[in-house]
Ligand code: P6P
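In structure tokens, the next block holds one chain alone, the form predicted alone.
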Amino acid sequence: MQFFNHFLREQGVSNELRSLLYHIARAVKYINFSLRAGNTAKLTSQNVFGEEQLKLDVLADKIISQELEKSELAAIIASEEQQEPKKFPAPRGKFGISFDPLDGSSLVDANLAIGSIFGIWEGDKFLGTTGRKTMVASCYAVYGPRITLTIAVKGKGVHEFELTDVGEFVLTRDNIKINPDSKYFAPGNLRATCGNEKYLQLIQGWIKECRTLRYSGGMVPDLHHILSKGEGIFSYPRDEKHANGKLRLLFECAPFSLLFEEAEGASLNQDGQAVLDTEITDIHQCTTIFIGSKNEVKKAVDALK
């Protein structure tokens, strides 16, 4: 049995980055406790995208923000639930942390798995850079029947940890890899088929090939399924209402793109550009995304050109 901190030390992760990941893991534990306590009531407030918030959305955002501030390793943090990033006075930290505190919160009423997503960047700014240039690590938590934390440190692969009954994360899978081909598909934004004949044909093609549909409506559980099975493709194209897609580059797509590239998968936008090479020009910037098994991602993007 390998504990979280010990494994990262063995992998040669720096003391500062290891400590920051430890604080993120602590925040995940606290969010899980709050979720189990039933803090899932709806509020009258909305986030910056006009989406209805749960009590847990606000609480998760607060837990993560406070834990990152406590770490004294964050120079700047940005949350999907907040309009603007929060900067800390120098020389408090050297990392920028972007996070979606509670991805898939609309699934809470249906009792489906939800999660948290984190991207860790070098420096004290997010704008004007790309994930390829400055992201050093990313991770996500799944709050399901098991509580897992899956981590990618740049150049060191993808590894999954599970929260035990004694409150410690222990290694359950290391060096997770994704096959280049797949039988699984998770098609997001199916409304786009109404105005995009090529996307309709792409999905019909997957069905005619007798592939297996796995789609919950939450990015974390759907992408976790792909990593767990070692194959699959998740798609979320543009539509007439969302010309640049709907998923957030800084909070969701860039962190997951690092994870999938580290697992030998791929992540492209609808125009064929690697998501990690997309420059961040706005904190709440959106992007299209096709992510998963390398060959399947390329085929899907080529089919929509």
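Numbers follow the displayed sequence, beginning with 1. Please read these numbers as outputs of a predicted model, since none were measured by experiment.
One more form of this protein exists, namely the form predicted together with the named molecule; it is left out here, but the text below deals with it.
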* Asked: Is Ile226 close enough to touch the named molecule in the model of the complex, meaning at least one heavy atom pair within 4.5 Å?
  -> no
* To do: Evaluate Pro101 for contact with the named molecule in the model of the complex, applying a 4.5 angstroms cut-off between non-hydrogen atoms, and reply yes or no.
  => no
* To do: Report yes if any heavy atom of Gly230 sits within 4.5 Å of a heavy atom of the named molecule in the model of the complex; otherwise report no.
  => no
* Asked: Gly217: heavy atom within 4.5 Å of the named molecule in the model of the complex?
  -> yes
* Since the chain is shown here on its own, which stretch among 195-203, 142-150, 209-217, 155-163 would lie within 4.5 Å of the named molecule in the model of the complex, judged by heavy atoms? -> 209-217
* Which pick from Thr134, Asn189, Asn179, Gln82 sits with a heavy atom within 4.5 Å of the named molecule in the model of the complex? -> Asn189
* Structure fact -> Contact with the named molecule in the model of the complex, heavy atom within 4.5 Å, among Phe234, Phe169, Phe95, Phe118 goes to Phe234
* Asked: Does anything in 240-254 come within 4.5 Å of the named molecule in the model of the complex by heavy atoms, and if so which residues, in order?
  -> Lys246, Leu247, Arg248, Glu252
